[in-house]
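Here we start with a single chain on its own, the form predicted on its own, put down as structure tokens.
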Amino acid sequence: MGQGKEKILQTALQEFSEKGYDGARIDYISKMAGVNKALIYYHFKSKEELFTAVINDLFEKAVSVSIEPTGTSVRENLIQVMEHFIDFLHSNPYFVKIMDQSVAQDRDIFQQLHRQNFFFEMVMGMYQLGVQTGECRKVDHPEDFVVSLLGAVYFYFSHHKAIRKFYGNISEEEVIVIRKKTMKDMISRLIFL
């Protein structure tokens, strides 16, 4: 990806996540990215296409980070994937903002996101393997179970301002360590035999 296109995507990410789709302005993105507005429309035919590209770019970055689990069991691998999801959300606060705004504004972009289901599919695949190997207990609605696990991770970041106070005066890094330990414990107790 060219530097101009990458700069546009990064600037648009900030603009969309701070102001939402309706409040974001292509003129402002152009000015802050230091590019001509025509260059934006060369790469992205519309504001909606730019918005979708921003979210797809975030998913691509999540996928591009090596996430090949290295554990010797389904449990270890599933925990590694969930820890990666925590790290991804922690490192990409704009991702949470832009996704929350998309849902709140009822933007119908989710069919256009080509890597949206990455974490879901990975966790579901590991769960199904665990059921086959006898490591995981079988549940009636595994899709809801996986959504609930991913939601437990996402909720902290989505509601950070309201929830952070419960952790007292510890650093954010300490909170992330606690979140990882809690998710490891939840996964171990809820899914595995």
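The structure displayed is predicted, hence computed values, not measured ones. So that the term is clear: the rigid core is the largest set of C-alpha atoms that superpose within 1.5 Å between two forms. Numbering starts at 1 and follows the sequence shown.
This next part talks about the form predicted in complex with another copy of the chain, which is not shown.
Visitor: Quick check: do A152, I163 and Y167 each get a heavy atom within 4.5 Å of another copy of the chain in the predicted complex?
Guide: Verified in the predicted complex; spot residues all in contact, yes.
Visitor: When the contact criterion is heavy atoms within 4.5 Å, does E173 count as touching another copy of the chain in the predicted complex?
Guide: No, no contact at 4.5 Å.
Visitor: Would you please decide whether V147 lies within 4.5 angstroms of another copy of the chain in the predicted complex, comparing each non-hydrogen atom pair?
Guide: V147: yes, in contact with another copy of the chain in the predicted complex.
Visitor: Can you tell me if N117 lies within 4.5 angstroms of another copy of the chain in the predicted complex, counting non-hydrogen atoms only?
Guide: Contact with another copy of the chain, yes.
Visitor: Residue-level contact is defined here as any heavy atom of the residue lying within 4.5 Å of another copy of the chain in the predicted complex; does D100 satisfy this criterion?
Guide: The answer is yes: D100 has a heavy atom within 4.5 Å of another copy of the chain.
Visitor: Identify, from the list N56, S30, Q128, S158, the residue with a heavy atom within 4.5 Å of another copy of the chain in the predicted complex.
Guide: Checking each option against another copy of the chain in the predicted complex, the one that comes within 4.5 Å is S158.
Visitor: Since the chain is shown here on its own, which stretch among 35-43, 22-30, 128-136, 48-56 would lie within 4.5 Å of another copy of the chain in the predicted complex, judged by heavy atoms?
Guide: Selected stretch: 22-30.
Visitor: Which residues, if any, of 165-193 lie within 4.5 Å of another copy of the chain in the predicted complex when only heavy atoms count?
Guide: K165, F166, Y167, I178, R179, K181, T182, D185, M186, R189, L190, in sequence order.
Visitor: Can we say the CA of R25 moves by at least 2 Å between the shown form and the other one when the core is superposed?
Guide: Yes, its C-alpha moves 2 Å or more.
Visitor: For K47, is the CA shift between the shown form and the other one at least 2 Å following rigid-core superposition?
Guide: Yes.
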